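Before any questions on binding or motion, here is one chain by itself as structure tokens, the form predicted alone.
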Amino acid sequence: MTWSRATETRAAAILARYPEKRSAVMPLLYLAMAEEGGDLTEDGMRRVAELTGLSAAQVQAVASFYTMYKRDGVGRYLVSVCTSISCMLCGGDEVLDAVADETGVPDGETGEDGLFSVEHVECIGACGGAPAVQVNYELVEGVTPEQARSLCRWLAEQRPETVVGDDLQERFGGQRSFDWGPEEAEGATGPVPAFGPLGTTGERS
């Protein structure tokens, strides 16, 4: 298989950064997800294998090891709630329950309408701002259960094309773990991390 011309161009640019093609397997898997709207398909993994010179089994081994490569379908908004020790002690489980209840999507599943996927995750590096939540990998810190409900309602009602961490923090966040620095105008356009080389970033509207 081949991807769209834009995706093939991005893949070539990524491969050019690595002395050995196989080293590009992880960013190429994200690129495959972006091409398919957030799902990592068998065809996508085969294309990564072709580009890197790896076997399909080797690519699948990488994809199945890391939970961020979504092989079972994912909604437009992937809501990830940290339940590691710091977030758990500060109410992360309650935040997860609120997200699941508000969206009607249980932990680890995707809603029938394809709008939300909900998951609990291990530490996302924001222990000082616990409980921490991500929407399409854009971070929000210090989230209470009620703020989590408001966040999910806002996503369902507004359906933003681009999700920006700074915007989510201002609307629904609380205590931050550290000063985030300059405000970001770009964010994620889907349930794939917002990386410029992948074409998965967009401007906040």
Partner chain sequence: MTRILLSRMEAHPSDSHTLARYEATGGYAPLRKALGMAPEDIVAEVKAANLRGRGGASFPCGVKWGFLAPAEPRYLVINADESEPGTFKDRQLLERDPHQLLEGIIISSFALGVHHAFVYVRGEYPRPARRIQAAIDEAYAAGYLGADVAGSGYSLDVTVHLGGGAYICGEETALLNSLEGRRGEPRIKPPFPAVEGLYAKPTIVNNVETISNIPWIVEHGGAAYDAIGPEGSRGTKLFSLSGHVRKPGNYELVMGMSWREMIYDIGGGIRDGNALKAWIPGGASAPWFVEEHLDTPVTIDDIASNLSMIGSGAIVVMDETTCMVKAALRVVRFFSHESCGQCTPCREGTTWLQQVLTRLEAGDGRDIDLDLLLDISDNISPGLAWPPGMTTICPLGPSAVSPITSLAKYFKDEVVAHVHEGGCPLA
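For clarity, every value in this text was computed on a predicted model and none was experimentally measured. Residue numbers count along the first chain shown, from 1.
What comes next is about the form predicted in complex with its partner chain, which is not displayed.
K.L.:
Heavy atoms within 4.5 Å of its partner chain in the model of the complex: does residue 151 have any?
P.N.:
Residue-level check for residue 151: no, no contact with its partner chain.
K.L.:
Using the partner position in the model of the complex, report whether residue 134 sits within 4.5 Å of its partner chain, counting heavy atoms only.
P.N.:
Yes, residue 134 lies within 4.5 Å of its partner chain in the model of the complex.
K.L.:
Could you confirm whether residue 34 comes within 4.5 Å of its partner chain in the model of the complex, counting heavy atoms only?
P.N.:
Answer no; every heavy atom of residue 34 is more than 4.5 Å from its partner chain in the model of the complex.
K.L.:
Counting only non-hydrogen atoms and a 4.5 angstroms cut-off, does residue 117 reach its partner chain in the model of the complex?
P.N.:
Output for residue 117 is no: heavy atoms all beyond 4.5 Å of its partner chain.
K.L.:
Who in 12-40 is close to its partner chain in the model of the complex, meaning a heavy atom within 4.5 Å?
P.N.:
If the 4.5 Å heavy-atom criterion is applied to its partner chain in the model of the complex, 12-40 yields 17, 18, 19, 20, 22, 23, 25, 26, 27, 30.
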